[in-house]
Each structure stands twice: as C-alpha cells, then as structure tokens.
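The chain that follows stands alone, in the form predicted alone, written as structure tokens.
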C-alpha cells in the first residue's frame, strides 16, 4: 500500500489524482491545497487545506499521514524548496529540488544551462537588472523582441513586441515596471514560428517522453488578447503535430535529455520529475522558448487522458531511479482541451459566482473553484477544463465543445482551439516560413 500526496488543487491535479486512483498498485490518496476541489476530495482518504507557501505545515502533515511520496503540481512550492524539505523527512518526490527547479524559476539560469549543452537552441539575448542599455539592445534586434521577467509570474511575465508592446517606448516602460519592483529581466530576439510543448518523465538520468502538445496562451479567438496561463491545447493521435517532422520531434526530445543531464552536471543534483520544454519551430530550426519544472496546465490533461501505462508505477520508477525499465506508452488518440474562464479573465476576472456542471463527468477537470455551502464557486482564475478524445482530432474538438455546453456560469472560452480553421492556419503559416 502506497500513501500518495498530491500538492495542488487545479485541473492538472485532478488529472494526476485520477491517474493515481486508477492504478493497479494499491494506494491511499492525500491532497494538500488552499481550497477544496471536490473532484479531488472525492478520491482522497484525507484532504488538508493550507496555503501552499506553508511548507513546514505540509511537511508535518506528510509525517503525520506517513506519506510515501508526493507529486508536486504547481511551480511555486517547487521554487520554495518543498521537495528539499519533504525529502529531508524521507518523503520522496515527483518534482525537482529547488536547485534544479531553477530551470523554470529563473529564465537566465535556463538560458545558461541551454548554452552549455545545446547553444544553437537559444535565441540572441541579454540580461538586465536596470534600464541601462535596454533601448539600444531593442534597436539592435530590429525592434523584434521579447521581454521576460526573470522569475515566476504565472505565465504572465512575458511581453512580445507587435503583440503586447506596440513600440520601443512601451518596451522600455515595461522594463521600467520590472526594475521598479527590484526585478531582473531578459530581452530576447522574437522567435517567429509555431510553438509546441514536449514533456518528459525524468528519474535523474533517463527521460521517457510524452506526446507533443500545442498550447494557446492568448485569451481570445484568433490568438488575440492578453497572455493567460493557457486557454486550451490539442494533440494528435500520432503524438506529433501536423507542422512538425520526425526530425523536429527527435530534436526536442534530445534537447530535454541534454538539459536534464546538464542540470545534474551543473548542480550535482539529479532532476527528478516532469521536465517541460516549450519549443518553437522557426525557419532556422527548433528553438527553446522556456522550460517548466512540472506538468503543464492544460497539457497534463491531454497527455494523462491518453496514458496507457500505470501512472503510479511510472512515479515510483522515477523516484527510485528505475525509469529505464518502466513501460511508458500512450493511446493513439487525438485530444482537445478547452478551458472555461471567468468573464474579464485574465486582467479583471469576475469571481465568487456559482458554477453549474456535472462534477461526475470524466471529461471535466475542475480548476480554480471552491466548495461553499455545497455550492461550486469560481475563484477568479481558470475555472474548469474539458477534454475531448477521438482518433479524429475534429471529432475530439466536437466532444470538448459538447462538454463545455454542459457548464454554466459567468464564463467564456475559446471556440477555435482544435478546429480545422485554426490548425490549417498554423500549417499554412509554417509552410510559408519554411519556403
């Protein structure tokens, strides 16, 4: 019998909790998070409500409940060293220690690691801690640039010229905002192409890769509006994407492997957990946009919905350093994941309104919600995700839309994710770029 702790309470953690509960390995599930997610609560032996910044409380709870290992969902506890603290009391973790979680928590550290193992995957860039030299470097990049806050901002710390920043003055103003709060930032050349995500299970030495997924960060249809934590994702049944070649996939997989090895070489700390590479296929080949140190959200819902192998067995083989002998396979099905979010999200989201849905629907993943007087209340961030799966991606998209039709509240979603029109436009854009 394994006692398994899931840290976090979003849709990603619903996907993780379901996979653990479906394992052929006998287990008891525990969860710790700041709000009660009813879909996770129903699967748990016990549920501890606390702020995830209270790491000492989480450690005490893990000792009290005799947890064998923990699966860390969100990035902030990783940045705060939750894995170091849990492992100090004998709780193994699917999640990297603070020293190597820096691959997500510091953009500058990530670029340095990539420089050491695969420098051709890095864009041209410069690090800044003041406004000095910002304007001249932007001009050097021909006004095609990206400004990245060097830390965690929930997927909202990146601003792109021509999309969020209309001119050089706006870029300088954003850089000023960051320096005014004592922050550091990177300015990078703007990569043009198609984004894709590749996540890998890692045991410190060996990587086993998941299907590639495409995320949609912009809030509104047609890829417009502000950046969000992710409005939805899709993956194809062949575990590739229609604008990627086998060579592109192999290159991304090799990059994750090189980065995992380099992290150990650089820090002496093995990387154990999920390594998430955010890539861009450009006219000059595959480049790295960023790295994350955990499952993506929504990407986790895509890949875990089609995972054939026993997830708990994979987790045990990761923490035991035995991933090499572990089967990791996925169904040959396409997936489309769509989020419903509060009206006004992400800048001025409405909150504290009731949401109506069938909580027992297996295609539904509740996210930023809480139970209050037996009512489901939206907390203001992404509210719920729905996943459609099918051999045919456009059927999967129809299933996702049908699922969303069963949710009501002061919500909206992007209807275009996973549609033929949007996917065709991505293929066309990539063809033009590669000509």
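Numbering follows the first chain given and starts at 1. Quick caveat, the model's predicted, so the values are computed rather than measured.
Keep in mind the form predicted together with a small molecule is missing from the figure; the text below concerns it.
S.K.: Residue-level contact is defined here as any heavy atom of the residue lying within 4.5 Å of the small molecule in the predicted complex; does residue 289 satisfy this criterion?
M.R.: Yes - in the predicted complex, heavy atoms of residue 289 and the small molecule come within 4.5 Å of each other.
S.K.: Within 4.5 Å, heavy atoms only: does residue 160 come near the small molecule in the predicted complex?
M.R.: Heavy-atom contact with the small molecule at 4.5 Å: present for residue 160.
S.K.: Against the small molecule in the predicted complex, would residue 317 count as a contact residue? Criterion: heavy atoms within 4.5 Å.
M.R.: No, residue 317 is distant from the partner.
S.K.: Indicate whether residue 281 is a 4.5 Å heavy atom neighbour of the small molecule in the predicted complex.
M.R.: Outside the cut-off, so no.
S.K.: Check for me whether the small molecule, as it appears in the predicted complex, comes within 4.5 angstroms of all of 121, 209 and 253 - heavy atoms only.
M.R.: Verified in the predicted complex; spot residues all out of contact, no.
S.K.: Under a 4.5 angstroms heavy atom criterion, identify the one residue in 351, 217, 126, 98 near the small molecule in the predicted complex.
M.R.: Comparing distances to the small molecule in the predicted complex, the residue within 4.5 Å is 217.
S.K.: Please pick, from 191, 274, 306, 134, the one residue with any non-hydrogen atom lying within 4.5 angstroms of the small molecule in the predicted complex.
M.R.: For this set of options, the contacting one is 191.
S.K.: If we take heavy atoms and a 4.5 Å cut-off, which stretch out of 141-149, 308-316, 256-264, 84-92 is in contact with the small molecule in the predicted complex?
M.R.: Result for this chain: 141-149.
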